[in-house]
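In the form predicted alone, a lone chain appears below as structure tokens.
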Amino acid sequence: MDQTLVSDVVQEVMRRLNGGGTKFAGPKVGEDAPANDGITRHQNAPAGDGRFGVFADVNAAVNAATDSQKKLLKLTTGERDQIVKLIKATAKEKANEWGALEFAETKIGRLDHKIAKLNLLDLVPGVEFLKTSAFTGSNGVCLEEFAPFGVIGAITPVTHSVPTLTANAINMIAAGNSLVINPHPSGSNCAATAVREYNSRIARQFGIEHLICLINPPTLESADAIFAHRGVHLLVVTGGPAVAKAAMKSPKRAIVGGPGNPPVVVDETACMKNAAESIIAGASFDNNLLCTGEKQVFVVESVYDKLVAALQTAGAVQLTGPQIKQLTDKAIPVSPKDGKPHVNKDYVGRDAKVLAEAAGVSVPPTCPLLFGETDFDHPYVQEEQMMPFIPLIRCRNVDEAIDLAIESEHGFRHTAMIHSRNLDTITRFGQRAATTIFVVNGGSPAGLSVGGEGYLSFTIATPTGEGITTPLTFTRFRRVMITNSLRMV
């Protein structure tokens, strides 16, 4: 496995999307964002001035979104489809520029993967998911359709600022909604740049200026105002545990993407080469910022050494026990206030080389992932750490591996992976874990259709049960019963 391991996973999908050998451009892991004029424009991005969806005031944003949603409802479904395709085409056209903007502002993750996530938005579903059901009989015709909520209030994370708002916009506009976004403050300027571009293009072609509204600068107060605003009919939150809990306490209906701590089980029947390459592909993607990414691996003792060798062959670097302790003391230190470990944000989403330096080790800038053996109670096992270091836990047998994996997932029911050729073992783990995403013999990106099948979203609603969001997620179910009419037979 060469140094472009994770890029190859994305490029496989990109070739399928583009019908050829096109590969996304951009620096690889370990390289800095280019000093181009796109970043200069981004650093000077204006705050909310009420033009093309960027507002400083929540009330003004909701009013504009309300007016725009009424205009959207006057368009045909085909025209909505055109708006969705316009957004996707814009994201792809601007992928290199906006990926660099987000990387420069947030300073987390990998530049090549910021670019890749924008290119992959073609996989987000649109109006094709909205299908009317019809029932006919002697008493008439029954139609069941999916209607929009209206104005949706959304909170987006720093980990995927532009991709999350874009995926949400595609789903929500396809369903007939407009949206008002309170982005994470550390990713608000790149978000504002994207929103302004989307709206300006939509306005030129369809005459609607504020379908996607965004608050810049965002604050806790602006988030609270969105939650409480009478003109907001649905809340959609993608972020950390605190904001998720706040949304679920709201009297409004909330669709919440909660935390994850995805475990991996590797049993004695697994293909070690595939397991190692899949673990690296998932755990190193955007430096493990995705909530779906592999966070800890439970491996049956009889094949532990084989998996270690396969990981090393695939390009990952093993840390010793003392090196892991040195890294942990810096990256997940114990707080003197409560005596508990807390993730140090300075290490979240940083390159493996940065983590290695913290551990007192030198690795090549292109190293995708660090790994090492820990016990079950280690902070890197128990915390959703979002770093390109993954702990390995030896297990006596697959039963112990499954038990510990499920316990480490903390009941979030988000994502789990298994590498096994034993169908009974796969079935047992899948049933017991009961996660929203369950990947067998592949990396976590496959669970979101990157190297797998299905569709993509960056909002995965686990606490509230909607799962991987689609346009249907953002609709209201409506039935129309036409009695004693329209009977053709």
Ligand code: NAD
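One rule holds for the numbers: they count along the sequence shown, beginning at 1. None of the values given here were measured: they were computed from a predicted structure.
Just so you know, the form predicted in complex with this ligand exists too; it's not on screen, but the next bit is about it.
With this ligand omitted here, the record of contacts in the predicted complex names 179 to 187 of 203 to 211, 179 to 187, 84 to 92, 354 to 362, defined by a heavy atom within 4.5 Å. Contact annotation for the candidate site: Leu220, Gly239 and Val243 all lie close to this ligand in the predicted complex (heavy atom within 4.5 Å). Put simply, of Glu197, Glu373, Glu400, Glu384 only one has a heavy atom within 4.5 Å of this ligand in the predicted complex, and it is Glu384.
His414 is the sole member of His113, His414, Arg350, His419 with a non-hydrogen atom within 4.5 Å of this ligand in the predicted complex.
The closest non-hydrogen atom of Gly258 lies within 4.5 Å of this ligand in the predicted complex.
Shown alone here, Ile155 lies within 4.5 Å of this ligand in the predicted complex, counting heavy atoms only. Contact check for Ile460: a non-hydrogen atom falls within 4.5 Å of this ligand in the predicted complex. Using a 4.5 angstroms threshold between heavy atoms, Asn119 stays clear of this ligand in the predicted complex.
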